[in-house]
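Starting off, we have a lone chain in the form predicted on its own, written out as structure tokens.
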């Protein structure tokens, strides 16, 4: 295990050098980072030798991703490629935007390798019961289905509208909207017998299972993500909702991609444990008061994200989440996170909506 962890660390250092070289090379880099480098008194291309050296950049500010021009994030090497832009929640003010060319496909093809074919059969169809519109999930889950040889059936879901209803105290209307989404899913499941795999959120999964038996509907695998993924829901889903279907919880967002779940082991007692898609993204748990310091294994701290792809370089971003630091695992010989939840020091109430 130590040898595998060391090899993973060396691979991360090499990948970091490659990505920094790419984003700060005037021929390939993006305008934002090329302009940023001109204001530094050091040269990232020469002085970043390891992943740890990224600390020299300080902390990435989420305000940099709010508003335009969004093309300042497009690497010059991709200037002539079709560009996607995906947004974060956007429930309070201007949403953060991240450009994409191929990352959402690359990330979800890698995730596909983690899904057991026994429960997510290749060639079978999928249903996506999650946020639509400008979110990465909309295209990413569809690509996942296509990559595995299936067709993806989609539902309409605007989480921003649900959050507005909840903030205005319109709980009856929010519930009616949730049922509207559930009815779309039920209609598709009843009409298309080839659907075997589902993406949804914890709240919507529970609402669907109140109406139908997943087993009778033919669902054998559920890929599930959202902020309400807790150990309690994990146990509830496995023991009561799924009826033998495989449960694949995930932690992901527009800025990172997709962290995969550790296989469920009895000794973990339904803890929700995720490992990032190293070396393309890394998750660390840091001291909230000294966010340059990583906490010890098993200790609680704030989640810090670093994204390292040719399309997007984001060093040391402090997420609005907290978790426990998890040691490397045989299949994933790098740090993970346990039981991610909203960062408790943020005073603003988080409205979860349909998640």
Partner chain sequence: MAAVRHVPILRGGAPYRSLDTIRTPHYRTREPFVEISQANAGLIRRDLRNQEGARATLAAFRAKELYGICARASGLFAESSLPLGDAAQSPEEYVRQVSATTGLPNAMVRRNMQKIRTVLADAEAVVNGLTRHLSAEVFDAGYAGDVSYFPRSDSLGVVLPSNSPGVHSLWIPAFAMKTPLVLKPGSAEPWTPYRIIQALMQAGAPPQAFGYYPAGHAGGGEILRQCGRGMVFGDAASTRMWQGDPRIEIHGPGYSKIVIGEDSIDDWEKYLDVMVASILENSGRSCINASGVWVPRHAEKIAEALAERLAQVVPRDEEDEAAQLAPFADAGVAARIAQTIASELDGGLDNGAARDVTARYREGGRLAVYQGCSYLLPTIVLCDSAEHPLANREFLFPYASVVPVRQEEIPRALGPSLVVTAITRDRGLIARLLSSSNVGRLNLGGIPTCKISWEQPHEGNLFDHLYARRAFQVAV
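What you see is a predicted model, and the numbers here were worked out from it, not measured in a lab. Residue numbers count along the first chain shown, from 1.
Not pictured, yet referred to below: the form predicted in complex with the partner chain.
> Within 4.5 Å, heavy atoms only, one stretch in 189-197, 123-131, 109-117, 165-173 touches the partner chain in the predicted bound form. Which?
Among the listed stretches, the partner-contacting one is 165-173.
> Does at least one non-hydrogen atom of residue 101 fall within 4.5 angstroms of the partner chain in the predicted bound form?
Residue-level check for residue 101: no, no contact with the partner chain.
> If you check in the predicted bound form, is residue 218 within 4.5 Å of the partner chain, heavy atoms only?
No - in the predicted bound form, heavy atoms of residue 218 and the partner chain never come within 4.5 Å of each other.
> Is residue 236 close to the partner chain in the predicted bound form, meaning a heavy atom pair under 4.5 Å apart or at it?
So residue 236 counts as contacting the partner chain.
> According to a 4.5 angstroms non-hydrogen atom cut-off, is residue 183 in contact with the partner chain in the predicted bound form?
Result no; residue 183 lies far from the partner chain in the predicted bound form.
> I need to confirm a contact call. Of 255, 154, 139, 241, which residue comes within 4.5 Å of the partner chain in the predicted bound form, counting heavy atoms only?
Result of the distance check: 241.
> Just one of 248, 209, 77, 83 has a heavy atom within 4.5 Å of the partner chain in the predicted bound form. Which one?
Residue within 4.5 Å of the partner: 209.
> Does anything in 266-295 come within 4.5 Å of the partner chain in the predicted bound form by heavy atoms, and if so which residues, in order?
Those in contact are 269, 270.
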